[in-house]
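Shown below, as structure tokens, is a lone chain in the form predicted on its own; questions about how it binds or moves come after it.
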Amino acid sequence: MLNDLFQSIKIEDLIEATKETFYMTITALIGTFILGIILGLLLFLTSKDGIWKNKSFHFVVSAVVNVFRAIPFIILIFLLFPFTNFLIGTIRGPEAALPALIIGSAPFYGRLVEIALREVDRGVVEAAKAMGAKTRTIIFKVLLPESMPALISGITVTAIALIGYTAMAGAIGAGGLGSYAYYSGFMRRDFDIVFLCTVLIVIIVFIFQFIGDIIATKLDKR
């Protein structure tokens, strides 16, 4: 019965699509984490209560973050086609999806980082300042360690959004389960492929959520 239900599915293609989805998600997640931390720190440190208080710079960074957060991901992919083609040499395949995935997710995560940093006890920061700690020390020894559980929770939420982004990118040739579901499933009216790809994407989401929750729990000192 299962053979009849999933007779259109080629296991080799399904495995390859799953690998591509993991590749895009994990690679983009690393880039998003790094760029998001930088954006979040800049937003926090240049705010009115920040160590690098700078109203003009904060406004520019905040505006950039808000603009990229407001652009629908599918449109962002199209907007970045020239940049992607210049950087990667093609606009198709998993590698070509990475610039849009990172640029589309980093501003969102940057805001989550800013929120996490604002939750750090100001007394701890002030104590570090009183002991003569430099800004670099405050960032890497106080702010980031103290906010790490929230940062991990934030990157977990971002990872789940990224998985959805990879499916959208797949529909325009990026590969992965989204591409397999659209071109081999939907376009050929083989909805068993669409169904199985959906199930696999849901499972991947649960995997990332489970891992993120475990890490955040272990890092939480409360």
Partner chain sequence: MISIEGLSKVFTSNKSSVTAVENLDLNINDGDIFGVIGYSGAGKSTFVRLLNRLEEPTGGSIKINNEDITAMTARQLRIARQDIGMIFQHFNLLWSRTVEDNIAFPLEIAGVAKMDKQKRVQELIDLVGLSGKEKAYPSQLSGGQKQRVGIARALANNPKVLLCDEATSALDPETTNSILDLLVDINKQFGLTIILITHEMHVIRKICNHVAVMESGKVVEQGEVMDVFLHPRQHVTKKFVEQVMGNGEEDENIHGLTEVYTEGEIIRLHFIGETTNQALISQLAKNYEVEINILQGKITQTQAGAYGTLIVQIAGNELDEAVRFIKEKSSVEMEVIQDAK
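Positions refer to the first chain, counted from 1. No experiment lies behind these values; they were computed from the predicted model shown.
As for the form predicted together with the partner chain, it is not shown, yet the points below apply to it.
Participant: So, Gly93 and the partner chain: in the model of the complex, are they within 4.5 Å at any heavy atom pair?
Facilitator: So Gly93 does not count as contacting the partner chain.
Participant: Taking the partner chain as it sits in the model of the complex, is Thr137 in contact with it (heavy atom to heavy atom, 4.5 Å or less)?
Facilitator: Yes - in the model of the complex, heavy atoms of Thr137 and the partner chain come within 4.5 Å of each other.
Participant: Decide whether Ala133 counts as a contact residue for the partner chain in the model of the complex under a heavy atom distance cut-off of 4.5 Å.
Facilitator: Looking in the model of the complex, residue contacts with the partner chain include Ala133, since a heavy atom lies within 4.5 Å.
Participant: Hey, in the model of the complex, is Ala127 touching the partner chain, heavy atoms inside 4.5 Å?
Facilitator: Flag for Ala127 set to yes.
Participant: With the partner chain left out of view, which of Ile88, Leu76, Ile115, Val142 would have a heavy atom within 4.5 Å of it in the model of the complex?
Facilitator: It is Val142 that has a heavy atom within 4.5 Å of the partner.
Participant: Which among 93 to 101, 106 to 114, 76 to 84, 146 to 154 is in contact with the partner chain in the model of the complex, heavy atoms within 4.5 angstroms?
Facilitator: Of the options given, it is 146 to 154.
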